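Heads up, the chain below is alone and in the form predicted alone; it's given as structure tokens.
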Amino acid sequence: MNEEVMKARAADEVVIKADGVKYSYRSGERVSRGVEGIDLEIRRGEFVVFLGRNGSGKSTLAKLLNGFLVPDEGIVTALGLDTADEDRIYDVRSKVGMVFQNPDNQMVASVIESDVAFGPENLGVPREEIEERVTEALETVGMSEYRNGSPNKLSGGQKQRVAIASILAMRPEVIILDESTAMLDPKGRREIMETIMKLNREKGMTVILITHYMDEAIEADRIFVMDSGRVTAFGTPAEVFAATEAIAAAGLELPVAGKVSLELKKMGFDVPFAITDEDLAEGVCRS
């Protein structure tokens, strides 16, 4: 980890905060709960995962954190800005970028470099700086060689990397990825996770990942488990997955290594609980 990243994490600055946040969806007289009483803080340089099954409220919460939705009750602040302040919402969304599930829905141009340039152009960034930002963003996600190509010729994972580059070109301080690997094959998912880890570990960017994949969650600094619109567990991956009853209650499964280590314990082997394959192998060798 480079010095810049270490300094960012050492600062321990809160960049996203939710206080008593509630949100419900309304359709006529029908009201359905989105999130209910959320309190949380996310610090600069963290890699945070919101984990939960479909309908748990995690995507609703993601949209609340950068102002796509405004709380019915409570306050969300992003980089010190109230997301409910209509006069500052443009500032919020430029500082807290969001990548959605379907990359095709985020493509606006027929040439990749034009697509990446779209965001900073709307921010009024000077032309020469836009060129610099596009080059840097495409290099960061490993898509420089495709800059003059068409998005239509890319794989799903490549399109999602271009979508991430389009957000990076706006120079956000926080990036939220809302189920951004859900529509991808295993290769595409690996590409996106490698990109996420690079942004966080090498660039020091605060990353919030919304997912239901256990193998993605174990890479996080902290996990927030969501169920029925509430945070039901939070902590480091080791702490969260060790709370097996809370995981089961949220309708989630343990990582494969966790399930295997528990089965080995039932069989009488003195193996510590593990959430990664490496820790499981080490535990087995020591037992």
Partner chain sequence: MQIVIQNLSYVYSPKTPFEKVALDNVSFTVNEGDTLGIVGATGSGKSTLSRHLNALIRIQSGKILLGDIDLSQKKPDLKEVRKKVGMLFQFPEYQLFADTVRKDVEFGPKNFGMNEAEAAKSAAEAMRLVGLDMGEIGEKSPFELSGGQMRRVAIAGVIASRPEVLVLDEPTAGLDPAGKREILELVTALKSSFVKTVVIISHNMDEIAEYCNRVVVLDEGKLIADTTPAILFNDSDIIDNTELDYPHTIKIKRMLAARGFVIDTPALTVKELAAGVARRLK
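Numbering follows the first chain given and starts at 1. Quick caveat: nothing in here was measured; it's all calculated off a predicted structure.
The form predicted together with its partner chain exists for this protein as well; it is not shown, and the discussion that follows is about that form.
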My question is simply whether E139 lines the interface with its partner chain in the model of the complex - judged by any non-hydrogen atom within 4.5 Å. no
My question is simply whether V207 lines the interface with its partner chain in the model of the complex - judged by any non-hydrogen atom within 4.5 Å. no
Would you classify D277 as touching its partner chain in the model of the complex, given a 4.5 Å non-hydrogen atom cut-off? yes
In the model of the complex, does M214 come within 4.5 Å of its partner chain, counting heavy atoms only? yes
Given that its partner chain is left out here, which of R88, R201, R190, R171 has a heavy atom within 4.5 Å of it in the model of the complex? R190
Its partner chain: the contacting residue among E239, D39, E245, E253 in the model of the complex [heavy atom, 4.5 Å]: E253
Whether R53, K259 and V271 all lie within 4.5 angstroms of its partner chain in the model of the complex by heavy atom: yes
Heavy atom within 4.5 Å of its partner chain in the model of the complex - qualifying residues of 263-287: E263, L264, M267, F269, V271, D277, E278, L280, A281, E282, V284, C285, S287
